[in-house]
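As a starting point, one isolated chain is supplied in structure tokens, in the form predicted alone.
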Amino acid sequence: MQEPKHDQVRSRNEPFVAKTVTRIWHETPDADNPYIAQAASCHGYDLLELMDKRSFADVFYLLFRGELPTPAEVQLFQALMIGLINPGPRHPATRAAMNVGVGKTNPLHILPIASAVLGGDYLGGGEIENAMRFLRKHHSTPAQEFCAQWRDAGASPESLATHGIYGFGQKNGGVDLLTRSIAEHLLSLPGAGKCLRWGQQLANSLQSFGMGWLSTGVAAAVFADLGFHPRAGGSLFQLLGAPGLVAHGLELANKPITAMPFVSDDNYVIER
């Protein structure tokens, strides 16, 4: 028996930095104890001044983008934050939060467990990066022309991702009506950008196929228009949906396990 071959081990000769460096956050150490901060700034803006003069949406945007948003940008972003604040009890991530809550898991574990589900590929953060790149790549192509190419290729609702179309499709066999309304509201705002407008045109073209916007597509369009990096999109989606996940989990945390339905024996199938 031959010994498995391995690559030769060699030194990487990569020197490590002497200390951690960040451009996001600066802390001014206390004169008597350098391990205690007496002041902090986010991308150069004093934290206490931000607390006094800016909204949470402003500072959230600043934290990830490195600059404060314009009035139109923060209006759009804040509207999206509200639109995505709760994935809703039909979403698998919310169901996970509810099961964790009613199952008497430590409340501190509700968010990480449910957020992991919200990071999945189905209606989750796992689709956001691809959707952002898709929208940024194609928003200059007429949406009807793009939809015709997809149709002529013999695509189906189940094969959108195979054809590189992310953030659009069917939800439970039809058009996601609530998400469509959220997109229409966002489009009415002055900060609506190219990706969101093109996505709406594509969603309109897909209606004849019984498809349209998904929440991941709307989020991706706004993130792209606001200049967020595609790799950050999935995590941002998880953050914006976190309040709803926690709220649903805590709602059931003090209720008996019978507060959630239990699948009856008739619905279990044992294959032989």
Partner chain sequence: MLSNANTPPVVSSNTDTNVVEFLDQQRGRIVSNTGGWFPGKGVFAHGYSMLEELVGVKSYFQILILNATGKLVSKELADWVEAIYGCLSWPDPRIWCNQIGALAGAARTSVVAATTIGSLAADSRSYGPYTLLDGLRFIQDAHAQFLAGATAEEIVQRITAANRGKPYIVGYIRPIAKGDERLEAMERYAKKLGFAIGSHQTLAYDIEKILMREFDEGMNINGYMSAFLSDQGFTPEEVYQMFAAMVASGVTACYLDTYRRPPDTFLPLRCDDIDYQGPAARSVPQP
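Residue numbers count along the first chain shown, from 1. None of these values were measured; they are calculated from a predicted model.
What follows is about the form predicted together with the partner chain, which we do not show.
Among the residues Ala232, Ala37, Leu239, Ala247, the one placing a heavy atom within 4.5 Å of the partner chain in the predicted bound form is Ala37. Heavy atoms of Phe64 never reach within 4.5 Å of the partner chain in the predicted bound form, leaving it off the interface.
The partner chain is not drawn, but in the predicted bound form it has a heavy atom within 4.5 Å of Leu50. When the partner chain is considered in the predicted bound form, Val175 lines it closely, a heavy atom lying within 4.5 Å.
The partner chain is not shown here, but in the predicted bound form it comes within 4.5 Å of a heavy atom of Thr22. Partner contact region in the predicted bound form: 165-173, out of 165-173, 75-83, 186-194, 120-128, criterion any non-hydrogen atom within 4.5 Å of the partner chain.
Scanning 242-272 for heavy atoms within 4.5 Å of the partner chain in the predicted bound form gives Val263, Asp265, Asn267, Tyr268, Val269, Ile270, Glu271, Arg272 in sequence order.
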